[in-house]
Ligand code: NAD
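One chain follows as structure tokens, the form predicted on its own.
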Amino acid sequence: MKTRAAVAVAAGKPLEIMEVNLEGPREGEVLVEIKATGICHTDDFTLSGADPEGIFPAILGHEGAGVVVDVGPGVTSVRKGDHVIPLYTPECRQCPSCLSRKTNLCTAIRATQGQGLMPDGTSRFSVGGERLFHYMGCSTFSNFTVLPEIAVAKVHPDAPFDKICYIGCGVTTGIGAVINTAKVEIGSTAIVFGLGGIGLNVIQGLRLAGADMIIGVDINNAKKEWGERFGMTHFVNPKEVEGELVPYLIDLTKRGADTIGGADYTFDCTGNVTVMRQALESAHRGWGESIIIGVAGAGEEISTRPFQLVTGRVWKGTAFGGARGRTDVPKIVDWYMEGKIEIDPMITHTLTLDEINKGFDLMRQGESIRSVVVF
């Protein structure tokens, strides 16, 4: 079949809108009509050429929502007409990782997914006889895409596609980092570094978890109003702080008889390795946990003095907010439908596929929280 898609022909170049060929689903696969897809920083990270796993030409996009239009042999968990969210972190429920219940990092299709291929080692996309690679197992910048059955989550049929597509990455990653990875307790203090789409959802997750003090850190003062809208209690612009940022934050978090200071939990949502260090060192001595969410560029490394860890601070990473896709994503969609979480205000721009490069520009310029392409 034919489908319209935004193709990343090479690193650093704008996406090209074209008609491509898409082969139907094979055994254990699902054909999905993508109704809406978000434009995420991770897509831009790959498009820039900084992603060590970036492969071209490819159809990017991993934050989508749509309808199942066909299924291959052996598919039992979804059927035609089901509303689904593609999962870049699948959930097979059979591999050692899934069975461990200690991680959401399913390994069932990791090898081929990282190569831009389907589990059988082939691609379903092509143009002019040339193979196009899949992206993060999703390729939601195509009006139609094929995914493994274990990489789709069946969701509430009344949920609006142009809002719940954001749950395919940003919402789940931010809220999940709080609930699944950090397991934040009621009354905790927290610092969130970077108030973009992920950071705002971390703040929203902290509010849900009952955090008492929620400090947002961003160099853009326009983010203050956004942070407060979702539950932030204090805002800090590092450019306006006299002296070093870390001592300032530690002093800000001192409460009552606690003369040491530091947050119970800190979250890096920037992908900047310097900020990652600041986040760790702003965590409380003895028990503070710092969660890395942002993705750094190829070859970059994090560092700190061993003293910071020896004295009880913990550095943790999280992928997809520790969420088990097929199990947890439908629940988060239900939270949205029940009004427990907000998504609508974060969708600041709605675009057509032909305008997708404009969405990347808005993101790079800091003028959007999330742009969504509606097919």
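The structure displayed is predicted, hence computed values, not measured ones. Numbering starts at 1 and follows the sequence shown.
There is another form of the same protein, the form predicted together with the named molecule; it is not shown, and what comes next is about it.
Comparing 145-153, 124-132, 77-85, 289-297 against the named molecule in the predicted bound form, the single stretch with non-hydrogen atoms within 4.5 angstroms of it is 289-297. Mapping the unseen interface onto this chain, D218 counts among the residues with a heavy atom inside 4.5 Å of the named molecule in the predicted bound form. Put simply, L280 is far from the named molecule in the predicted bound form: not one heavy atom of it is within 4.5 Å.
Interface residue remark: T318 is counted as part of the site for the named molecule in the predicted bound form, having a heavy atom within 4.5 Å. Put simply, K35 is far from the named molecule in the predicted bound form: not one heavy atom of it is within 4.5 Å. Only one of the listed residues (N272, T233, N180, S97) places a non-hydrogen atom within 4.5 angstroms of the named molecule in the predicted bound form, and that residue is N272. Checked against the named molecule in the predicted bound form, the candidates V184, V71, M118, I198 yield a single residue with a heavy atom inside 4.5 Å, and that residue is I198. In the predicted bound form, no residue of 240-267 lies within 4.5 Å of the named molecule by any heavy atom.
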